[in-house]
Every structure is written in C-alpha cells, then in structure tokens.
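The chain below stands alone and is given as structure tokens, in the form predicted alone.
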Amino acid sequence: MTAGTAFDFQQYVASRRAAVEERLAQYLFPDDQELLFQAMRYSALGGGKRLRALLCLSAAEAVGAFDCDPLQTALPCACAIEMVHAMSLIHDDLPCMDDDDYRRGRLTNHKVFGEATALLAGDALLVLSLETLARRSPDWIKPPLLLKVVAELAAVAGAKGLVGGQVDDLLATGAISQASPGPASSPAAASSCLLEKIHQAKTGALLRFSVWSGASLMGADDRILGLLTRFGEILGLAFQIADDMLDVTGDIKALGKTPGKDQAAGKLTWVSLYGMEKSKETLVKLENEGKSLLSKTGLAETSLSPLVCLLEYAIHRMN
C-alpha cells in the first residue's frame, strides 16, 4: 500500500499542525505570565514535529463518522498527548536523567528556568493533559468512552509506560542502581528483551496510544481498532530505531539536540545491540508490515494516506 499521488502530505501536516498549535495555545493559560506557566508554554509550544498529535488526528479522520467532525472530536486528545510528550522531554533532559542542554534547537527547559521549575512544569503539564482530555473533549463523545481514553492516557504516562520505560533505560546504563535483588541490568547483560521493553514503554506507548485514541474516539470497531493499534506499535518501534540511528549519523543543527549522547552514555539502543545494517533491514520490514496492516482495515485508501505518509516519515526522516 502506498500513499496516493494526489494526497498533499505537506499541506495536510501544515494544516493539522496549525490547528494543534492554535488549540494548545488556548489551553496553556495564555494570559498568565507567572513563571510556571511560562515554563510550561516554553516546552509545549516550542515547536517539534507534532507527530503524536498528527497520528491521533489522522487515525480519527481515517475512521471518520457521518455525525461528527473527526478533527474537532480528536483535537483535545491530540493536545493532551502533546502535553504528555512535552513533560517527558522536560524530565528526560534534566541533569538527573539524560542531562541535555539542547532540545528542538534551543536550550532545554531547565537551562532557561532552572531545575526545580522545569520539574514542576513537567508535572503540571502531565496533570493538565488529563484535565484537558476530560474537560475539553466535545459533548458528543459518550462519557464511558471518554473515561476509557482518559484512563488509558494516564496508564501510558505512568509506571507501565513512559515512567517505567525511563527507569529501565536508566537501569540499563547504570545511571541508577538496582535497589533489590533481581536480574543484572548492566549494558553487558542487557538483552533484546530489555531493549524491546524500553522502546515499547518509553517511546512506543505514547505513539501507540496516539493512533488508538484517535480511532477509539471515532467509535472504531474491535477489528479495525486492533489493526490500527498494532500499526501504532510498529510505527513506535520504527520511530525509535530511526532515532537511534540518527543519534549516530545526525548533527545538532538537523536534530535540534545533542547527537552522540546515547553512545557516549553507553545507552542500550537498537544500533548498539544490532548495528546499523540490521537496523536498516528492520526498518524495511516494519514499513512493509505497517502498510499491510492498514490495507487490511478495509478503510478507504484515500483516508489512510496520512497514516501511510506518517509511517514513511517516521522511518525516512532526517531529524
């Protein structure tokens, strides 16, 4: 399956990003100039690909409905996802985590506002994400369905998702110690199972949720929801593999963050475990599998074009 030649991906991305940026700005206390709100806006409105928001919106539009607007239905959720993502970047960049000075081509949050404010800004964004999804979603979404999506976002952000993935990542590099008896977690003892666990939780969980939530809010049936959820998992893994490769081959101007830090820190990555060639081969397989899954949904090929293009972008991007 390939994206149709008539589909203008750049125009689609520009219009959907603009909608997300406008709505995010509305949600992030634009009239409040206190330090905390400045720090929250600095990261949440500081640019970025908006890939997760785009996945949410494109999944909603792919499923579609006759009685509601997919874009308006999914926009609050897309914004909530971006708030969670911004939180994760703020926290990842802290000195006690990955200790990075640059993100999206400018100083990281803690370099501008200090560590304490950055930490609290991340906390506030996480809580605001759940409030946004619960309070800002349109009335036509049935409460049980909305509650299910809110609960899933909370789970994805927590111990079984982003937080747990970050802990495993730190354990794998020896940045934190194993407090209780358990399997060895040094880089030498780390396995492909540990790497998969880290990727699924730290990166893949929110990307998978992005696709699942957009489709869920539009009432996708279990069969379509299962296929799109698996597609989200594949895209999440592909995105992380590509990210691991870019850490080796990219530069700060293109990446917007410091390259080579994973290797310098002895991080467990797809490249460090399998090498560049195996990583490239895996991306080809994932791209084919992802497109095959979309074709099995039975949804109109034109409506799936954004998802196809987003998969291709996640794999072939240069930053």
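Please read all numbers here as calculations on a predicted model, not as lab measurements. A residue's number is simply how far along the shown sequence it sits, counting from 1.
Another form, the form predicted in complex with ligand GRG, is not on view; read the next lines as being about it.
Original post:
Which of these residues, Ala157, Leu75, Ala172, Ile234, gets a heavy atom within 4.5 Å of ligand GRG in the predicted bound form?
Top reply: Answer to the contact question: Ala157.
**OP:** Find the only residue in Leu195, Leu89, Ala238, Leu128 having a heavy atom within 4.5 Å of ligand GRG in the predicted bound form.
**Re:** That would be Leu89.
Original post:
Is Leu120 a contact residue for ligand GRG in the predicted bound form, using a 4.5 Å heavy atom cut-off?
Top reply: Taking the distances in the predicted bound form, the answer for Leu120 is no, it never comes within 4.5 Å of ligand GRG.
Original post:
Could you tell me if Gly64 has a non-hydrogen atom within 4.5 Å of ligand GRG in the predicted bound form?
Top reply: No, Gly64 sits far enough from ligand GRG in the predicted bound form that none of its heavy atoms falls within 4.5 Å.
Subject >> Arg104, heavy atom within 4.5 angstroms of ligand GRG in the predicted bound form >> reply: Contact with ligand GRG, yes.
Original post:
Would Lys202 show up as a contact with ligand GRG in the predicted bound form if we use heavy atoms at 4.5 Å?
Top reply: Yes, Lys202 is a contact residue.
Subject >> Interface segment, criterion being heavy atoms within 4.5 Å of ligand GRG in the predicted bound form, picked from 137-145, 209-217, 226-234, 91-99 >> reply: Flagged stretch: 91-99.
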